[in-house]
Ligand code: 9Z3
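Here's a solo chain for you in structure tokens, the form predicted alone.
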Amino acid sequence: MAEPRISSSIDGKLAEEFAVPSHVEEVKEKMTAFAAFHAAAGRRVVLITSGGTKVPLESRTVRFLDNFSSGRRGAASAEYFMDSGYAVVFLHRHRSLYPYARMFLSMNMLDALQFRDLDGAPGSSGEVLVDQRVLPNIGRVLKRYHEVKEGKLLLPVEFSTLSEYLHLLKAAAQALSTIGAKAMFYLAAAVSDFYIPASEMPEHKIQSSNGPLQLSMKMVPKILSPLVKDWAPQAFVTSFKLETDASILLDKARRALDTYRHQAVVANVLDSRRGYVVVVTPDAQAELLLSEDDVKNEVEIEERIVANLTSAHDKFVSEQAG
């Protein structure tokens, strides 16, 4: 008897154990239209996942599990992909870093703004001026952001919880499958490995008066398998592997490629992830490293990652066409 398809099992789990966002079909239609529009214009489309996932401990959520991810890599990469001619579906965690705006998030915006009262009348709206010494490069960044908006190159899609992420990623994969090899998946989000099924979650806030908290959590189903095999089988798929132990990193990256049969893994170690990564493919691996001069010149490792992957995607599209 044939073994059951992995995708069917995961589809069942998604439906039963992860709450479906009410807007998922509406978002799927937008992503499908976005992909078709840009493919018709000769562009490739990349789906970037960015930020961490929130795992609720209660249905009416007060407490949740989270991780350290700020979405920096995804937001930076989105900019470099658009500079390389791609349109971007940006599936990002609510309040994580956002393309272009990310550069100024650590600053107090009010310190960069000055109010000029034009007529002195009470309630006058006046005008607001920007101090570009406080916001360096704001003119260049703002100009590029408006070019992106006018070109409709960026489609942002927000998620917050793990459930939202899983359902929206499936919808995105199915939407981008319509453009075949022109689609790339850049799965940079830091997704939880553990969750509590909706059916087992307490409805109300867990009371500390009940004593020490003990949790039993299930493993999150591996979405990469159905994405590669069923939801978007012609797309170029890149996953990310982050470890704290460098000695196991490359072996785990290669095992992921063997298991899921996708095109690339970006492997990095927590402490050095902003200056060194290894892009592992089935037949090669490329070390990407920022020099001291690169760091002084504010070069970002994401620029190197995107350049490597767009080149690999070129080759992949040519092979698929052949």
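We number the residues from 1 along the sequence you see. Remember, predicted model here, so these are calculated numbers, not experimental data.
Omitted here: the form predicted together with this ligand. The next part is about that form.
Option touching this ligand, based on a heavy atom within 4.5 Å in the model of the complex, out of 92, 167, 182, 241: Exactly one residue meets the criterion: 241.
Single option in 157, 87, 173, 191 placed near this ligand in the model of the complex, where near means a heavy atom within 4.5 Å: Contact residue from the list: 191.
Touches this ligand in the model of the complex: residue 70 (any heavy atom, 4.5 Å): Because a heavy atom of residue 70 falls inside 4.5 Å of this ligand in the model of the complex, the answer is yes.
Distance check, residue 261 to this ligand in the model of the complex, heavy atom within 4.5 Å: Contact check for residue 261: no, nothing within 4.5 Å of this ligand in the model of the complex.
Residue 274 within 4.5 Å of this ligand in the model of the complex, heavy atoms: Yes, contact at 4.5 Å.
Segment that reaches this ligand in the model of the complex - one of 281-289, 55-63, 266-274, 24-32, heavy atoms within 4.5 Å: This holds for exactly one stretch, 266-274.
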